[in-house]
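Coming up is one lone chain in C-alpha cells, specifically the form predicted on its own.
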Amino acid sequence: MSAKAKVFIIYTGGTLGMMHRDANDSCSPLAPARWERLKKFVSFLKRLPVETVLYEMDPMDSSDINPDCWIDIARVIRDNYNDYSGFVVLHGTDTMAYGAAALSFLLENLGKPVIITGSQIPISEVRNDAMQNLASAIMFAVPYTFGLPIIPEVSIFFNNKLLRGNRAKKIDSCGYAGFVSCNYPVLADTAGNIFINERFVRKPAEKDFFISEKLEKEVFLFDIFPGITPEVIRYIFNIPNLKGAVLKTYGAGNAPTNESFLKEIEFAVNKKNLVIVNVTQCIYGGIKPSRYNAGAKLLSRGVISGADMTSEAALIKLMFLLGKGYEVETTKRLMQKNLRGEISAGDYP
C-alpha cells in the first residue's frame, strides 16, 4: 500500500479560525483562536486520503500581518519543502491578496502547490464557507491523490475558484465570493465538475527552489483623488527613507495635468530618486499611459507603467525588488517585466 501524500498546513489566524471573544456572548467581537480550540471543527480532515501536518504561527487578524510574517511563512515552507507534496496557508482575507502576492515573489523557482485560503465565516459557526475552502485547498495541494494535474504556483482558493495569487483582489467584505481574479482567467473551478484551466497554469520551475528573505517596507501606496494638492504629494514623497511608491490613478493611468502637481512628481523621480509605479484604480483593465494626455504627462516625468497589475501585486513586487538591493533603473525595468505571472504581455507601454 502506497504512503499517503503529505500536506503541510500553516495556520496564521484569520476569520476561519476566529471565535467570539466572550464564549458566553454571541455578540462579542470575533478574535483569532488557537488551533487546539478548533480541532473539533476540523475532524473531517481525518477522512481525507492524505496526511495533514499542522504548523501554528501566533494566530492574528490579518489586519495585523506584515512583511515579516510573510517571510516567516516562506522560511517555514523552505524548511519543510522536501518533505511534503504541497502546502496550504490559512490566512485572513483582509490582506490575503497581499500575502499571496508576497509568497509568489518570495518563493523562488517554486515547483509545488502553495494554496492560500481562509473564509468569510468562522469554521466554528454552523453555517460557514471555511470547511469547503479548506478541503478544496488541500485537494489542490496534493492533486495527484485526487486525479488532478499539479498547479505549482502560489494560488488562492475561495468560493469554488482557484485564482493565481498575485492576480487576486478582495471585492466583498462578507460574501462568500470574496475574491476575483483581475485580468487573468481562474486556474480552476470546482462548482460542479472540477475544471482545470491547464493552459493558464505556470510550469514547474526547473531550477532549485530557494526563498528571498527581504521585503523593503519603506514604500507607499495611495490614490489620486479630485482635489489632491501638490502639498499633499510633496509631503508623501518627503517621507524619510522612502524608496518608492505605487500611484493609483484614474482609468487608463490618468492624473491631474496641472504643472504644480507634475513638478512634485518630477522632483520625486529625478531628485529623490524614487521608483513610482502607475496602476489603475479600476478592478479590471490596465493602464495605457500614452493613450491620454493626462497619462502621458506622468510617463514623461518618469513614472513607470504598472500595466495590468493589481495595486496589491504592484506594491509587493516593488517591495521585493527594492529588497533585492537593485539599482533604481534595474528595479524600474524589472517592475515592467513579468516575473511570476503578475503582469500581462501586450499593449501596456
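So that there is no doubt, residue numbering starts at 1 and follows the sequence shown. Computed from a predicted structure; not experimentally measured.
Beyond the structure shown, there is the form predicted together with a small molecule, which is absent from this document and is the topic of what follows.
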Inset, instruction - Let me know the one among S181, Q120, S136, N254 whose heavy atoms come within 4.5 Å of the small molecule in the predicted complex, would you? - result: Q120
Inset, instruction - Check each of S305, T52, S62, S311 and return the one that places a heavy atom within 4.5 angstroms of the small molecule in the predicted complex. - result: S62
Inset, instruction - Decide whether P143 counts as a contact residue for the small molecule in the predicted complex under a heavy atom distance cut-off of 4.5 Å. - result: no
Inset, instruction - Answer for E264 alone: is it within 4.5 Å of the small molecule in the predicted complex, judged on heavy atom distances? - result: no
Legend entry - Partner contact for G92 in the predicted complex: the small molecule, 4.5 angstroms, heavy atom: yes
Inset, instruction - With heavy atoms only and a cut-off of 4.5 Å, decide whether M18 touches the small molecule in the predicted complex. - result: yes
Legend entry - Answer range among 146-154, 112-120, 264-272, 181-189 for contact with the small molecule, defined in the predicted complex as heavy atoms within 4.5 Å: 112-120
